[in-house]
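Taking the form predicted on its own, here's one chain by itself in structure tokens.
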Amino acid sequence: MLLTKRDIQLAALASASVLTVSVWSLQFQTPPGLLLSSGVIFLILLITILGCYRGLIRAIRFYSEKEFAVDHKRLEELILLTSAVTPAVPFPPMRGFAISPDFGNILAREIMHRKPRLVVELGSGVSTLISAYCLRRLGAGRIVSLEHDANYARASRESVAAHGLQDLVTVRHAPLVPVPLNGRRWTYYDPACFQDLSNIDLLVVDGPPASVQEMARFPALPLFFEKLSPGAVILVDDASRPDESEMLRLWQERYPQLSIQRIATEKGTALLSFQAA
């Protein structure tokens, strides 16, 4: 019977243990009983160390392969995105709070397919630039982005200007204020900042931040429902988070005609449309 690699390793450990303990006993004239117990303890320690080492190597290999696969997917999505949308200057980093490249691809695909006349974004950033580049290719349409943070709104305007898209985009500073809804006071974008909007063809829900309150983005559909055009669609980012999952459930409960398509992306995406009565 052939010896396995593990058998050879254990035999080597046993031999090393016996040799080490033998040298030690000759050096210090150890009694036989203590010699035997010391040898067993030494062997157990070596086996334990080897097991921990092997487990650590397996864990490192597993997580390295997993992270490599994720990075490969991100790079692939980014390449697809930049082949569909060619920016005049590099996009800002698409990590952290920003949308992921896979969401950007879905956004670009929906705009090119549906040709919206008005895109409203709840939260500005890279998505604003992608939407504007798509509308420029189509030759029609405009974007209104709401941003609760004044500094970030200013940075978004500067980014839009750097890409030469300011003729297509309006970034509005919409501070968060108490908004009564469904018998509860929510902290949400000031309705005065979007009361003039109507016939929205595409609503992108990517704000406000989850840290504002529980289900921070829930007011989006109740407050914008009457402003949507017939056949409008809604894109929801971060749809895999518990708050957004509960939000979608409550929306569908309140609006039975709402159809929700979940798309597997890095952060989770939901595409919402309304079925005919």
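Treat the numbers as computed from the prediction; the structure is a model and nothing was measured. Quick note: we count residues from 1 along the sequence shown, nothing fancier.
Form predicted together with a small molecule: not shown, discussed below.
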Using a 4.5 Å cut on heavy atoms, which of Leu168, Leu202, Val126, Cys134 is close to the small molecule in the predicted bound form?
Val126
Answer option from Ala98, Met112, Leu197, Val177, heavy atom within 4.5 Å of the small molecule in the predicted bound form
Ala98
Against the small molecule in the predicted bound form, would His148 count as a contact residue? Criterion: heavy atoms within 4.5 Å.
yes
So in the predicted bound form, is the small molecule close enough to Gly207 to count as touching (4.5 Å, heavy atoms)?
yes
Counting only heavy atoms and a 4.5 Å cutoff, which of 159-167, 179-187, 112-120, 126-134 contacts the small molecule in the predicted bound form?
126-134
